[in-house]
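Okay, here we've got a single chain as structure tokens, the form predicted on its own, with questions on binding and movement later.
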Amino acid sequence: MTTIQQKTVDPTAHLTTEDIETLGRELDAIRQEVLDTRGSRDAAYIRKIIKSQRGLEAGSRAMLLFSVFPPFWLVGTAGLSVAKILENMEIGHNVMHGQWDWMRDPKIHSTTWEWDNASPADQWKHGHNELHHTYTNVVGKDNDLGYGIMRVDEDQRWVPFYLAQPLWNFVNACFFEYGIAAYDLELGKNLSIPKDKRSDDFKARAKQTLKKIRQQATKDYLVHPALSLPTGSFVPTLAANFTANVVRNLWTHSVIMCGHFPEGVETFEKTSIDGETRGDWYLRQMLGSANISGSPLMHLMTGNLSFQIEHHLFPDLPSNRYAEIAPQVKALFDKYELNYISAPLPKQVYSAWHKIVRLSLPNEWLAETTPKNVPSQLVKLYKMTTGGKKVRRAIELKDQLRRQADMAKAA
């Protein structure tokens, strides 16, 4: 995942400045066509989705009133899980992007929507809409890359701490909504500041986040289970709500990883966006995103973020239109000889997790490990983990010189 500026082969080297600006104008034309044709069918779509989601959630919670009986628990938990996924992905995420603001419906508007999530809507919109979508895959600017806690690039110096990142990533996936809340707060950066020097703004936002978490916990782990007390279903309902939240978190985390982390997705250096034009920005979105292929149901359950490339190009267009414009976007990739990354969900999930494991280890360690040399590779990893900085640097230098010698022989 070396940044595109450090690669020996630049996949955009064949594009001239005029090519990039022409590409930008062609993408602008696709966007404008959708803007010009938004109307009643789009409004009907989002209203239908919201109505269906609310009906599914109400019905599932009604089933959980009798969740002491296993069939009711299974059906209610499954339904609540799907309802939470729909609310977060196809509704909350897209409404808060402003995709439906043109309807001028105060009930379906980015300024009024509050979602079923630990992160307050205003903070999420800043961290996601303003920062992530502006600085997509710019190392050091886009905290969605590794959420600020993982090694996401070979050029990041490896330290033993990163060995735990597969485990940490799994834990983060299970409780992803809290990870998002911490990310929106820039919690790590702010907690490193002495308590008496933290800004009033951070303190106010932290207080707001804690209030939102209490509200969510009260709803899922007190009010709804309490309603099940008459049937003796308090504990099963509590377990069902916890399970639904974990299922929602795992699904959301997987979809987001598939959109930004599979092999082939490019990253960029901070300096590369200096003086960036609209065409340059479009090109970065194209190269920094990946799609998930699948059925209409799968696209719905991902909030149409299975069309991550189209979403990053046009984050404010109605999500139900991404499937419609995807062939046009793909045609531009082909025209300008760019790699349109799209694969089924299992393949993309595997690719993203493989990268997480690969980057948790020293550079090339996984690629150079074979059944025959496993013992010696494990000894080397042990030395790099326990030997301190000087030992790591010496081993890294030795490996680098050996690889250069192998390349010279091959040439």
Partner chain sequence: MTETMQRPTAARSLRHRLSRLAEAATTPLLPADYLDLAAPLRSGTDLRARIVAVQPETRDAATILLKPGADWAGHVPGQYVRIGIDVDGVREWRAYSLTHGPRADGLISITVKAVPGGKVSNHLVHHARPRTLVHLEQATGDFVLDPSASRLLFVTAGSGVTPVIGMLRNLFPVTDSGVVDLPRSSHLDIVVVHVAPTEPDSIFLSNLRELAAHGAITLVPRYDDQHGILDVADLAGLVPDLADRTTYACGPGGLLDALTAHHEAAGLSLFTEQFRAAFVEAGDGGTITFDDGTVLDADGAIPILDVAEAGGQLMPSGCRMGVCFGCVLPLREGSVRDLRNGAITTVDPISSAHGGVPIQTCISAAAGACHLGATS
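Remember, it's a predicted structure, so these values are computed and weren't measured experimentally. Residue numbers count along the first chain shown, from 1.
What comes next is about the form predicted together with the partner chain, which is not displayed.
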task: Tell me whether Asp153, Lys203 and Lys270, taken together, all sit within 4.5 Å of the partner chain in the predicted complex, counting heavy atoms only.
output: no
- prompt: Do Lys189 and the partner chain come within 4.5 Å of each other in the predicted complex, heavy atoms counted?
  reply: no
field: the partner chain contact at Lys347 in the predicted complex, heavy atom, 4.5 Å
entry: no
message: Can you work out whether Arg104 and the partner chain are in contact in the predicted complex, taking contact to mean some heavy atom pair no more than 4.5 Å apart?
response: yes
- request: Spell out, yes or no, whether the shortest heavy atom distance between Glu130 and the partner chain in the predicted complex is within 4.5 Å.
  value: yes
In the predicted complex, the one of Gln216, Gln165, Ser81, Asn172 near the partner chain [non-hydrogen atom within 4.5 angstroms]: Gln216
message: Going by heavy atom distances of 4.5 angstroms or less, which of Trp115, Trp73, Trp158, Tyr336 would be at the interface with the partner chain in the predicted complex?
response: Trp115
query: So which stretch, 311 to 319, 325 to 333, 259 to 267, 244 to 252, is the one near the partner chain in the predicted complex (non-hydrogen atoms, 4.5 Å)?
result: 311 to 319
Stretch 359 to 397: residues contacting the partner chain in the predicted complex, 4.5 Å heavy atom cut-off: none
